[in-house]
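Okay, so here's just one chain, in structure tokens, the form predicted on its own.
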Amino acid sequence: MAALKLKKSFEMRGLGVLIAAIVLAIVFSIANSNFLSPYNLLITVRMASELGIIAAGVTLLMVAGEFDLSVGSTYALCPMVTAILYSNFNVPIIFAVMVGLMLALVLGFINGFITTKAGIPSFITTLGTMLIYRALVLVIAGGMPIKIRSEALISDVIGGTIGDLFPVAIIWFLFFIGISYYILEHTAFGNKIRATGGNKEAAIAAGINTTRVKIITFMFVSFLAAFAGYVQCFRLGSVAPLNGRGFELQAIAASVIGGTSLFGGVGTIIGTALGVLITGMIKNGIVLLGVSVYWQNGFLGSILIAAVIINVFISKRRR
């Protein structure tokens, strides 16, 4: 019975965010007939793709009961290391990318290790590492963007386009959403993530190594953040020290809009994907309507507050 109620609460959250996305699309399409054109929809999804890759991992971590505020800094740091190795030291691009991705796993391990072993709230741990990682980006780059143009196949595979129109970023977004969905919904590790975030003491009593679960999830989040950074840098051909600034809060916002609980144990990857698309729709719709881009965060904040209120209401009804 409890499992049935939990499943119904997931369905209610997913249905709510789907309705919100449809309503938002209708409103923007009425205001501007070009909003629902195939080309504009493609732009909207592309705009949401990089954030969506990060948000997929952030959702898993939030379900486990933790936060990572350093994803925006990781998004910039790992591609910057790759750019410097490739541009300044002539390291083959594929090896430079591998170094950056391995660095991401190390950064995630640091976040998880400090949080679990020192008993420091992850909000504080990753707030500190966010500042440290961002400082490292600025120091090693001298505060300046670095070009990373390469004719290697990996550039097109990660950040290119299919033909002259379809961005590969969308494929990566769908791929990582699918991987995260499978992990959370169809694996034993996904069950451990939910148990760890839902009731840590009960999870430990059931024999789950919650420390290991959290550290692995932190590493997965950092890996996705770095990969999303590569999607952008190969798309634009350069890496800027301030890339990804604000992504940490936007990823959390997208997850919460999609129905992920701030208290752990509850969340859906599909809901997060819809939440990410809502953020992309807001950014794109505001531009089409000619409204100042300064209102983007204002609209997103309003939807976030509404989503939290709805989620709290659903949780109370469930109890």
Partner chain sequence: MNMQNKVSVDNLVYMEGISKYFGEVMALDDVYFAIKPCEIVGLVGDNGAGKSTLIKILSGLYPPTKGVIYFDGKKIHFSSPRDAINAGIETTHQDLALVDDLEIHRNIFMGREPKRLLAGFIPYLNKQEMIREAEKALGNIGIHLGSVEDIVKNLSGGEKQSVSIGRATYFKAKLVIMDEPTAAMSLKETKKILELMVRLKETGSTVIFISHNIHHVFSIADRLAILSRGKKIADLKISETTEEEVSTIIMNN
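Positions refer to the first chain, counted from 1. The model shown is predicted, which means the values in this text are computed figures rather than measured ones.
Keep in mind that the form predicted together with its partner chain is not shown, yet the notes after this line are about it.
Every residue of the trio Asn191, Gly198 and Gly265 has some heavy atom no more than 4.5 Å from its partner chain in the model of the complex. The single contact residue among Phe123, Phe95, Tyr182, Phe109, judged by any heavy atom lying within 4.5 Å of its partner chain in the model of the complex, is Tyr182. Residue Ala202 is the only one of Ala202, Val157, Val139, Ala152 with a heavy atom lying within 4.5 Å of its partner chain in the model of the complex. The candidate stretches are 139-147, 163-171, 124-132, 203-211, and the one lying within 4.5 Å of its partner chain in the model of the complex by heavy atoms is 203-211.
Put simply, His186 is close to its partner chain in the model of the complex: some heavy atom of it is within 4.5 Å.
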